[in-house]
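So this first bit is one chain, no partners, the form predicted alone, shown in structure tokens.
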């Protein structure tokens, strides 16, 4: 991108969407993703037309570095960033990770609040100012797209923060981010902070001001909208609002608030909103964490009407109780999309319509699974196809189910016999338990030699009917590590086994990588 194109893009009056699902979002307990899964999410974010993707924290681990590198190489349109502390080794790792991107960038941060400087960094204000400017100058030698964040900005001294921002702008920063790192701010004070900084920072008119909010008080979206009203033109957010603690600003909520209330906000994003629902469902299936039914925009109840007076009004005119159309966010109609006589070509086309790149899955296996499901079900829905595609996206797993046999009757204890393939060898174990799922899980634990705590187990039917494809999600914890797993199958016991094995594969991958990720950041 030329300097002229870059400057024009920087000055255009729209809200840039900076997606940090793959960095800040992944720090949410149980939301760890492998490289292939991150690439799949990044490709969907590109279909969403987000402006910037924070692909990871390259210096934190070899796995994160590889994820950032792969995403940087795979995508064309978004700017690809790596997060970086002000340390030389962090900056250098981030620069190496994005060097093959068509639009590379770096996101440098350091805390500016007194509590963080004293207790976390053990640094003086002068130390922080020096570290920030040196890091930005170092990055500026290699690329132009530099974002700088004052971590814990909402609890920082505004005059000191203005000095830091003035210096990093002079050193080459082009985006200044003022994060509400702890979710401490309320909209009025957060907006006022942007007014103060834009008035007191030297060179404020040369940069884009960015908001990064956490949801500890349930105000992340409100604070982000307040920042926009006070001059911010970038919002940092995540799909489904995932993130540390109570999560980050929900991307879909901010985008649809701007679109729906453009009369008040006077500015919009460039997101392709019809890709919101596929993106939300893809993330939920990959991380094994269902979207809450009452989640705004993408929850199952977001466009549902139970009360009779609401139903009557909607039947007469949808605008009585619906401020958005389901199709505007890409919600598929709940109808038969394909049947047992559908061919492979039609199946592949439907995958693309649902936001799935056929190159990211084993299409032949997915199509075979689809045909098998058609024989079992009267109706196959879009969500069924999404679930099948996610099952086929998984590769290079350490544990793989070969066979599952369960039995139960009113007079005998439930039992299970499970066979797993591990490193090319098939291992079998039997167990009894308090129900067939419990027996199945005990047999699997015997084979793999792991006994993590099962912290969550949830079952839901992906669509209606007794023949529905069942989706199971579970969460495991071992030695402070939390992982989630997801499985889908027409047999709920098999879905449960798939979910557990998926979680165990994630747990094994995390254990073997010996990650020492420095959690934190804006």
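Positions refer to the first chain, counted from 1. None of these values were measured; they are calculated from a predicted model.
Quick note: we don't show the form predicted in complex with ligand KIV, though the next part is all about it.
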Could you tell me which one of 210, 240, 390, 181 places a heavy atom within 4.5 Å of ligand KIV in the predicted bound form? 181
Scan 168, 83, 225, 283 and let me know which has any heavy atom within 4.5 Å of ligand KIV in the predicted bound form. 83
Check for me whether ligand KIV, as it appears in the predicted bound form, comes within 4.5 angstroms of all of 38, 64 and 101 - heavy atoms only. no
Contact stretch among 403-411, 226-234, 266-274, 210-218 - heavy atom within 4.5 Å of ligand KIV in the predicted bound form: 210-218
Given that the partner is absent here, does residue 506 sit within 4.5 Å of ligand KIV in the predicted bound form, heavy atoms only? no
Partner contact for residue 151 in the predicted bound form: ligand KIV, 4.5 angstroms, heavy atom: yes
Any non-hydrogen atom of residue 19 within 4.5 angstroms of ligand KIV in the predicted bound form: no
Residue 190 near ligand KIV in the predicted bound form, any heavy atom under 4.5 Å? no
In sequence order, which positions of 14-35 have a non-hydrogen atom within 4.5 Å of ligand KIV in the predicted bound form? 23, 24
